[in-house]
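Quick setup: one chain, the form predicted alone, written in structure tokens, and binding and motion questions come after.
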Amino acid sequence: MPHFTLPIHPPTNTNTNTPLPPPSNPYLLTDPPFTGQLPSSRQQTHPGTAIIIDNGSSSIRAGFSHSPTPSLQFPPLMARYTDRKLARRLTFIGSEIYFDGTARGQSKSAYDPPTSSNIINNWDVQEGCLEYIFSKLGLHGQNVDKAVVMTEPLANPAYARRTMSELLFEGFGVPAVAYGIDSLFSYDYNGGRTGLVVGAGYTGTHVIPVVDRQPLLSQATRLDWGRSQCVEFLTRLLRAKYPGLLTGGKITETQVEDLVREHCYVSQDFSGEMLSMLEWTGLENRDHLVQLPYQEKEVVVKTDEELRVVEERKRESGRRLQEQAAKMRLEKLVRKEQELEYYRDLLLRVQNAPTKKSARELLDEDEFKDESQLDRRIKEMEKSVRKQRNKDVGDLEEETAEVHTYPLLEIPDEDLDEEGVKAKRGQRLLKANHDARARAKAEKAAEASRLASVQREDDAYRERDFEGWVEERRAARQSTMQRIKDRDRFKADLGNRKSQASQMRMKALASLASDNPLGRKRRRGQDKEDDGFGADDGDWAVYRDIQRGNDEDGEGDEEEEDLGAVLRGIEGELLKWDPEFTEQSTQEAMRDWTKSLYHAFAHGPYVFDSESARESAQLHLNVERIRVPEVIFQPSIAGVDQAGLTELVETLIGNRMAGHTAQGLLARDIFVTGGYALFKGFEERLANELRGVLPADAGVKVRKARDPVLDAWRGAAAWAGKGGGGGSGSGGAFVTRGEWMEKGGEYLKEHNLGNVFT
């Protein structure tokens, strides 16, 4: 079953998880694999010595057949460009490209593209690699006097082999060449006779049945998944996990390959380990923190004495500002009191004026319309002075309740002159305002009384039926949380132009932009330019629809509630009365990052500061450590529409080899070689999987090559040293230059470790 269909249950514990300190020694990215110039030397060889070239898609290994290990190991890469300063054409081969920045950008692989094929496509790079090999082995010029044994992939096309032969014979003058399959060379070197060879290489995995040292290539199968696809898959996962982090050039493909090699392993129970991978207990051991290069912001660290001086300056500056503010407030209070005394004196002079004309002149001098305006100004200033005196000086005075009187309202308009009518109109407005405030105060008191009554009824209900009260509160909490989710989802849908909410909003906008937005008929005599919008109070509701969206439940016309406050109120009641509802059960506690599955996935059990350059340049490998290698058993994880390795082996033994005399012997020697075999637990997992699908008496035994990487080269060297083709001078499996010129470029001598002619 694919891993993504397994249910992931939230943590059942309600205890607070304790954040852990970050590791003091995180994993670091390795530098580009430049090891310097490879040495070149002419070794003492005898005439039967052959040159062994393991022409892999990840690394080329070359050396003489009598050597225990290959003399050269380098990736099949080449960069060639013209340096204008030196006026020379420079060529870099293998790991030498990592020495020069321009060469790194100009590098190309012999396998183009390198992650999807193990067939050579770029023959210029292949020619450069061969020239580099012969030069480092001391064989200069175009007359290489040694036979060559070269590995090739399973079912290598005749065109690729013909081009390679032409390059060796015509370009370098090689006297003879033999081709073989790398995984079969490794199987032969490890003493294999009858069994299944699983060659899990860099660009693919193939399974070859071997009976009495003779491969049955017609029954071989292939899975398009290898270590290069693991690198590509991990890169995709990290880009989705940390958007923007891998796009800045902070990590290269070779460094991702190192992450795959150093941190990934094959899980023996993938489903169970995926469910427990992000659990808090032991997460610090399962989560590998990789630190990328970063540049921290420069922070000036001050001494304690400097910090004390700065703090003292701040306190002194604050004290001076407070003194200045208090002085200014006191001066303002004095000015207000002086102004109040002046207006009081003015009121007395107006009241004692001998004539109305002289009183009017006194009022006009200070720009007052009448005596009532002056009286209001005095009352306002008395209130302001009293308030400021209480605040600044502490001179508390009780404010007497002002009794509002409106004497002019009782007098008919006929008995008042023009000024009296205006004054009466002002008193009517004041009385209406006063009555409105009184009604609002009464409604507020009534609402408080109603809430107190509701609270008393709720308390009585809780005492009468406690369990029912608790269930009702829990249901109200769930309903409120659902409304919050619906509201957030609705707001998010407004940003999606294809959602229903966004379409209803655009429909409302389109209706407003039409000539007749509400679809009503025009009135008789109505202007053509007037669409009648606004004549009805309901017309203005469309703006609320546009602002909030169209609510199908009819709640769009109501004011948006503070659902957060409602939820906190319900949770407060549950915390007070429900013994099973604790602080860890609240919505705020559930949002704790220590219980967040995403935080454990992206940042491990450590505190994350988004403002820190160091923490923002970190990778956390946890589920990726087992998810990436698992694809060879479950290709659907990475979107590969092929059968897994277990199913391939089961089908080959049970169906394709049915009736063969060696069918029961194949499962007893399943040999694993290639770079994928370097994953920890790979052969154990394959054995467990096969024991579950093959018959009980199959006797499944899986073994790994002593050196999954170099045994192919050693096997080819041992095969050539035994006279496997031309080491003793006999024809064997070697194709000589004369035979190639006589019989054609596709001519091939078959042997038990190579491909067959097709």
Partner chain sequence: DLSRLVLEKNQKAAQTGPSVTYTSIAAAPSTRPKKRYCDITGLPAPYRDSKTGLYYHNKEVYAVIRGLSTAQIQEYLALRGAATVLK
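Computed from a prediction, not measured in an experiment: that's the story for all the values here. Numbering follows the first chain given and starts at 1.
The same protein also exists as the form predicted together with its partner chain; that form is not shown, yet it is the one meant from here on.
Its partner chain is not drawn, but in the predicted complex it has no heavy atom within 4.5 Å of residue 421. Its partner chain is not drawn, but in the predicted complex it has a heavy atom within 4.5 Å of residue 597. Not displayed here, its partner chain is approached by residue 270 to within 4.5 Å at the level of heavy atoms in the predicted complex.
When contacts are judged by a 4.5 Å heavy atom cut-off, residue 107 does not count as touching its partner chain in the predicted complex. Judged by heavy atoms within 4.5 Å of its partner chain in the predicted complex, the contact stretch among the candidates 74 to 82, 152 to 160, 372 to 380, 316 to 324 is 152 to 160.
With the partner omitted here, the residue from 475, 484, 643, 575 that has a non-hydrogen atom within 4.5 angstroms of its partner chain in the predicted complex is 643. This chain lacks the partner; the member of 302, 236, 507, 668 within 4.5 angstroms of its partner chain in the predicted complex by a non-hydrogen atom is 236.
Across the proposed site, 218, 623 and 758 without exception bring a heavy atom within 4.5 Å of its partner chain in the predicted complex.
If you take 601 to 637 and check each residue for a heavy atom within 4.5 Å of its partner chain in the predicted complex, you get 601, 623, 627, 634, 636, 637, in sequence order.
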